[in-house]
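There is one chain below, alone, in structure tokens, taken in the form predicted on its own.
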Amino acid sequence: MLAAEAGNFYDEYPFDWTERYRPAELATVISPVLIRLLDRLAPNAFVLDVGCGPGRVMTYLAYRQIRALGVDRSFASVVLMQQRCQLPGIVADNLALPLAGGTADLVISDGVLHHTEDPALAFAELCRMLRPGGLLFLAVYRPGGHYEWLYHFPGSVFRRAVRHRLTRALVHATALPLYYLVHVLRSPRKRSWRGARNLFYDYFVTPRVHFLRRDTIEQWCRRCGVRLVEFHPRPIGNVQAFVIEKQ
């Protein structure tokens, strides 16, 4: 996404929604496909988490003592990540990563690519980071699910409403408490008000979401000289996951 737009939005509403960053609990809020990849990494592997946010996956990497670098457009998110796991991080855009290519054994893009202004370009940048034989874990929103409808319809109302002080206050007094209640009922003791607010903004107010088809990802794979080795249509929530290998 546009650098200033993304930075401003996720600086104010970081994707920081779980209060539980202990390893056993993190494993319940990270895709099982990604957990399996992380647990199989060689001891000397290097991981690049592009769109690391406040450190949900990076904290798990720190626990596993895996060498990793976190990248995010949001300065506030990178600071939170470094405070939590003491791993290095940089502020950068996934459309133009300021890093040498061909160095990562695993590149993670978990719920990030669908927010970018140019997903195809961002995908090419992720692939550029991989060494030959390296893997890309890509999780993006799937088309045709209930979330696509929610983002386009009630979401469009919320995005207009939060631009103005009075209507934003109305959203915070009505829709946001209802959203919080639903999440508390579904996941007792795992949701704080702050976390629910951040999730609400990420799901409904985030300025851009692309719902990417599997055949689109496969087309990008052919263009970038990589191959799809695993596809999981719904490993967790509203996303689909791809494991892609650089040839």
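Heads up: residue numbers just count along the shown sequence, starting at 1. Here the structure is a predicted model, which is why all the values come from computation and not from measurement.
Keep in mind the form predicted in complex with a small molecule is missing from the figure; the text below concerns it.
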Hey, of 163 to 171, 98 to 106, 68 to 76, 148 to 156, which bit sits against the small molecule in the predicted complex at 4.5 Å between non-hydrogen atoms? 68 to 76
Hey, in the predicted complex, is Met81 touching the small molecule, heavy atoms inside 4.5 Å? no
Would Phe15 show up as a contact with the small molecule in the predicted complex if we use heavy atoms at 4.5 Å? yes
Does Gly111 reach the small molecule in the predicted complex, with heavy atoms at most 4.5 Å apart? yes
Exercise: Leu121 in contact with the small molecule in the predicted complex, heavy atom 4.5 Å: no
Contact check in the predicted complex: Gly134, Glu218 and Glu230 versus the small molecule, with a cutoff of 4.5 Å between any heavy atoms. Do all three pass? no
